[in-house]
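Provided below as structure tokens are two forms of one protein chain, presented individually as structure 1 and structure 2.
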Structure 1
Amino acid sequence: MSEKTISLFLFSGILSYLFFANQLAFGTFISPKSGFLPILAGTLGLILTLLLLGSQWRTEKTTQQPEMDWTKFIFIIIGLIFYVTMLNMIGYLAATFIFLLYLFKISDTPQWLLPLAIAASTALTFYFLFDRFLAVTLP
């Protein structure tokens, strides 16, 4: 993904931020209100993004990016969404076990026995560590 796309994403994000910041009271210099800093920071952010976009359009220089596997990236995101969605439905132990096994397989861990064993033991260890030892209420 190019730098320009990220800059445009930031530009739209800051523009939306400024839209909502303008709904807060700015106040005066004697009595600044809750919108005072958000409006100042948003304006500064907008100016900086415009300067950045300007300089990116002026020069075609881009950051050297290392090669990556986009399919793997998309699969990791799908796995994460599944994990967060399923956590409350099937509980921490089952969701973590499935998620770990899925991550092992998409990161090309060979065979099934070792990934299965590590996924099961890790899910159990983390469950006992957080739920029992640290008294965190896990789903």
Structure 2
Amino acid sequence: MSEKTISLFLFSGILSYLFFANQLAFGTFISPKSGFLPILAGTLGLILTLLLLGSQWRTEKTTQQPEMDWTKFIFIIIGLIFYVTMLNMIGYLAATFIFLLYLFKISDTPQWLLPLAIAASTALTFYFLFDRFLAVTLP
């Protein structure tokens, strides 16, 4: 039941994301505008969420799954709110690094070296990919 609830939450979030993304100009495939990537990403997310929902409705629950840890879920939502708030204050690179490290520690990843390395490399990779290579302005 909790998996379906989370999937429905994701589905409604992606629908609202697509609603706001549709306010941006899409352009064409040859000459994309500011709404091109958000609409493409939202459409892909919507398709994946629909596939996930469909597979969850078709399968019967035969095995006992562990209870969902709602405390971690609430901490993730709090982290997302903090991330969006801090993004404009300290910049993409620092906010993303802190948020990813926070997510690793919430998910009980052991030790500190591996989460630090993955968080730093992920934030730097996306920074160089979008800011330097694709010349997309990050917040």
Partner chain sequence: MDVINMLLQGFYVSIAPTNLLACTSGVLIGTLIGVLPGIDTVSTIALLLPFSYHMNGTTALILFAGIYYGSKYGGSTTSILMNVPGEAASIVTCMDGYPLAQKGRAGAALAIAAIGSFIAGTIGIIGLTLFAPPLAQAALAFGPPEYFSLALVGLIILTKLTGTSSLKSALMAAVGIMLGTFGLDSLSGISRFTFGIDELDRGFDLSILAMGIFGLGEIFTVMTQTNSPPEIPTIRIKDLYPTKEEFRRSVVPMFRGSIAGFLVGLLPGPAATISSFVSYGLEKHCSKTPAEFGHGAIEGVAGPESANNAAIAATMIPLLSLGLPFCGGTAILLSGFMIHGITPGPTLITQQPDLFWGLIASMYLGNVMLLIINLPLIGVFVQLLRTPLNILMPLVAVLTLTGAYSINNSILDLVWIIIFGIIGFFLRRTGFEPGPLLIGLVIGPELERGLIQGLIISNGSIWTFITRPITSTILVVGASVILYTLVHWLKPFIHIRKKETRQ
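The model shown is predicted, which means the values in this text are computed figures rather than measured ones. Numbering for residues begins at 1 and runs along the sequence of structure 1. The term rigid core refers to the maximal set of C-alpha atoms that superpose within 1.5 Å between the two forms.
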Worksheet item: Is the form predicted together with its partner chain shown as structure 1 or as structure 2?
Response: 1
Practice prompt. Superpose the two forms on their rigid core, then report whether the C-alpha of residue 50 is displaced by 2 angstroms or more between structures 1 and 2.
Written response: yes
Item to complete: Would you say whether residue 75 is displaced between structures 1 and 2, judging by a C-alpha shift of 2 Å or more on the superposed rigid core?
Response: no
Worksheet item: Core aligned, does the CA of residue 17 move at least 2 Å between structures 1 and 2?
Response: yes
